[in-house]
Structure formats: C-alpha cells, structure tokens
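Here's a solo chain for you in structure tokens, the form predicted on its own.
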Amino acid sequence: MNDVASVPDLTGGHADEPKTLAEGAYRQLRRDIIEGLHRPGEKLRVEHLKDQYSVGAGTLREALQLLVTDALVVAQGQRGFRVAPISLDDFEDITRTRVLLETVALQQSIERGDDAWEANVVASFHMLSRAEDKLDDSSKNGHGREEWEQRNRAFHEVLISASPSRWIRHFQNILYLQSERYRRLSLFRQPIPRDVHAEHQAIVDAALARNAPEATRILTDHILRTLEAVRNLPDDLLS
C-alpha cells in the first residue's frame, strides 16, 4: 500500500509567523470571530477595527476579504462587512455533508494507507492528547483552546490523508473550518456529557486495525455528537 497524499503539518499548520500584515490581521480577526469576540451579524467597521488591530484601512480590508473567502464574514457591497450569521440549520447541513465526505476519505485511507500513514495517525493522536491534558479549568481560553483546535484539525486531516481524492480532502477541510465556531461553543460549554479523548482513541484503534466499517461508524457518531451538543446549547448562542 502506498501513501498517496502528502501528510498535513501535525502542529495544525499555523505555527509559522504571518508573512504580511494582512495575514497577521486575518489570523487575529479569524480567531476573535471564532472565539465569539465579534458576534454573528455584528458590523465590522474598518475605521474602528484598524486601530484595534494596529493596521491601516487597506490592510484591514484585505484581511476582511480573506475572511469573506472563508465564509466567516459577509461583504455587503458599499455597506461594509458583517460577521457571518450562524444557525442550527446551517450547522446541521455542514455536519451531514462532512460525515458523507470524511467517512469516504477515512475508508479510502484505511484501504490505501501504508506504515507511514499509520505512524502519522499515532503521532497526531499523541499530540492531540498532549493538548487535551492542558485543557484544565485554568486554560480553557486563549492559547490552550487554540492549540487544542490546531491539533484536533491536524488529527482529522491525518486520518484521511491517504485518500487519493484531493477534492474530498479539500472540501472536508472547508467544512471542518466552517464548523469551528459551533464546535468551540459546544466543546467548552459542555452541554452534553462526552469523553472526546475516548472517541478519538476508538477511531484510532479501529483505523489501525484496518476495520473500515467500525472506524467510519465511530467517526460518524463522533461528528454527530457535536451536532447533538450544539442542539442543546441555549438559543441565544446561535443568533
């Protein structure tokens, strides 16, 4: 079996320093939107934000356009920009489409992945577990959450990295990023009891055993559990 795809950066892909001021502003704005510092539907006024993020108006507009591409910000023609809205219907659509793509990609990876793929699955799970260990009550904000999210993203990318379809992997990544705002709401407010570490461990065990039906079943349940958690959040958090 040959590993047919390049392996994602196990650090989560964002350890490097931003190359431009616009990229730096984009990363800060993106983090603040996902963290809820800028609420869904909030108007993003360039004249105010340029001072907050210490960049010029042109640089900030460039960063906002990148966030439009991410579908985290909505451009309103001559009226400026707003944070994209969130809704339960939107997350249900994201989740069910992600299940369709990610389970196919995982099955393909189990069938095609070589020893290097297995080693990367184990390594990414180990790094995610280390990040989980840091999420005690004193670090459920800021860097701890950011590190966990990066490691979680890398873990899911590595699981499907042996899929031969770059388009499945590309759209899975888009859906993962779109679900990030919802996932953070559910993960750190814990509206339902769950052991995310045990869920990840079960996926790894089934994948390394080359049991594709079991691995895809567990992965499906894992992704849908987040949807269940979001359904149990207070209504005012999804508006």
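Everything numeric in this text was worked out from a predicted model, so none of it was measured. Counting begins at 1, following the sequence as shown.
Quick note: we don't show the form predicted together with the DNA, though the next part is all about it.
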> When the DNA is placed as it is in the predicted complex, which of 156-164, 120-128, 86-94, 73-81 ends up with heavy atoms within 4.5 Å of it?
Replying inline: 73-81
> Would Arg31 count as touching the DNA in the predicted complex under a 4.5 Å heavy atom rule?
Replying inline: no
> Taking the shortest heavy atom distance, is Arg61 within 4.5 Å of the DNA in the predicted complex?
Replying inline: yes
> How about Val230: is it within 4.5 Å of the DNA in the predicted complex, going by heavy atoms?
Replying inline: no
>> in the predicted complex, is there a heavy atom of the DNA that lies within 4.5 Å of any heavy atom of Val55, even though the partner is absent here?
In response: yes
> Among the candidate residues Val46, Ala212, Val68, Ile174, which is the single one with a non-hydrogen atom no more than 4.5 Å from the DNA in the predicted complex?
Replying inline: Val46
> Mind listing which residues of 21-39 have a heavy atom within 4.5 Å of the DNA in the predicted complex?
Replying inline: Leu21, Ala22
